[in-house]
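The chain that follows stands alone, in the form predicted on its own, written as structure tokens.
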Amino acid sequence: MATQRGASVEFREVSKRYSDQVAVDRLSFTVPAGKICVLVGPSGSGKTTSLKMVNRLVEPSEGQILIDGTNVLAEEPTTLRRRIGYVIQQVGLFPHQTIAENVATVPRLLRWSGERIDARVTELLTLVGLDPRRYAKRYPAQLSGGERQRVGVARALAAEPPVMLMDEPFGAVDPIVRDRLQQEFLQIQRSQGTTVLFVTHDIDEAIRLGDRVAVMRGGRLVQFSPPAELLAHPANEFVAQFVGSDRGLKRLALLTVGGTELETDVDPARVEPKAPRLEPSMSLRDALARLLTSESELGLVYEDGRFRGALTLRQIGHMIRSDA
């Protein structure tokens, strides 16, 4: 169980203008403490500008941004940034500092004791999957792109921030490394309980990582909802097209076998022997893959050794078509 250290983040009618250009237009939404909110949309939609207004790298023209009810505009910017983690695509590690020194950047500025800093660096490198004994004394140039990205996450978490901002953090790594980093990031976020605002242009990444997804277009918020709701009920044609015509298949990854109404009038003893066993915790996407590779029309669902019912290809097909 994660120890919740996150803080709520609220945008209240936030706008940003550059002369006659409106980059963000009256943006309003709330991210609950300890949740991941993904801002997604096409280029120029205002995602990164919105993110940077939280730590005041960009100053809002109007409105309020509140962290646990306190307006960020009332705080001195440097002090604010030291308590907000920030991860970008190019990481920005200091090349002439060791990995341990990079991770310790903010704790040093906050004048933590050397003993506390060393303990935190060891804890975080372990958390992001980098053995401190092997990596602490290395330099950024000696690491792969994926390893540097892990260090960037560790550095952002070093001072135990209640809020972390992430701008396309995994966009520069290859798909296999990206998939692994996404999995590890979710585990880290759950263990730390940090509130995360995450920018991406990739709808699949948004759906996979977000507790809430904010779809933006032309500086405005078009839809703000949990991923499953976004896929099942796009707010308009733009959202439907942006999410993709395969949104029914995407939604299967968010639903579980155990959360589906199973067919109970099936005798497992009479079912064809090639019917696979499915676990209630399995996603419907994985269940579909299991059924297709087994060439069976249905799978048998067991929990604690007890037969719960059958899941059929017909049921999954109906779910896909209902979202199309």
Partner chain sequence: MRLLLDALRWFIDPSHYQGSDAIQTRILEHVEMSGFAVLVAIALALPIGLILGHTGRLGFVAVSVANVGRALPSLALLALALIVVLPLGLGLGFWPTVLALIPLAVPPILTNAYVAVRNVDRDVVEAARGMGLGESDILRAIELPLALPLVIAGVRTAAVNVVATATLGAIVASGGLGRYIVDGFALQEYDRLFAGALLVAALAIVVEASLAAFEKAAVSPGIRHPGSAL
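In this text the structure is predicted, and so the values were computed from the model without any measurement. Positions refer to the first chain, counted from 1.
If you look for the form predicted together with its partner chain, you will not find it shown, but the lines that follow are about it.
Chemist: Can you work out whether its partner chain is within 4.5 angstroms of a heavy atom in all three of 281, 284 and 315 in the predicted complex?
Modeler: Heavy-atom distance to its partner chain in the predicted complex: none of the three under 4.5 Å.
Chemist: Which residue, 187, 71, 97, 122, has a heavy atom that falls within 4.5 Å of its partner chain in the predicted complex?
Modeler: Result of the distance check: 97.
Chemist: From the list 223, 192, 105, 182, which entry has a heavy atom within 4.5 Å of its partner chain in the predicted complex?
Modeler: Going through each option in turn, the one that passes is 105.
Chemist: So, in the predicted complex, is residue 93 in contact with its partner chain at a 4.5 angstroms heavy atom limit?
Modeler: Taking the distances in the predicted complex, the answer for residue 93 is yes, it comes within 4.5 Å of its partner chain.
Chemist: Although the partner isn't part of this model, could you tell me whether residue 290 comes within 4.5 Å of its partner chain in the predicted complex, counting any heavy atom of the residue?
Modeler: Taking the distances in the predicted complex, the answer for residue 290 is no, it never comes within 4.5 Å of its partner chain.
Chemist: Should residue 253 be counted as a contact of its partner chain in the predicted complex, where contact means heavy atoms within 4.5 Å?
Modeler: No, residue 253 sits far enough from its partner chain in the predicted complex that none of its heavy atoms falls within 4.5 Å.
Chemist: Given that its partner chain is not shown alongside this chain, does residue 214 nevertheless sit within 4.5 Å of it in the predicted complex, heavy atom to heavy atom?
Modeler: Although its partner chain is absent here, residue 214 would stay clear of it in the predicted complex, with no heavy atoms inside 4.5 Å.
Chemist: Heavy atoms within 4.5 Å of its partner chain in the predicted complex: which of the stretches 194-202, 124-132, 97-105, 237-245 has them?
Modeler: Selected range: 97-105.
Chemist: With its partner chain taken in the predicted complex, which residues across 65-79 come within 4.5 angstroms through any non-hydrogen atom?
Modeler: Heavy-atom contacts within 4.5 Å come from 78 alone.
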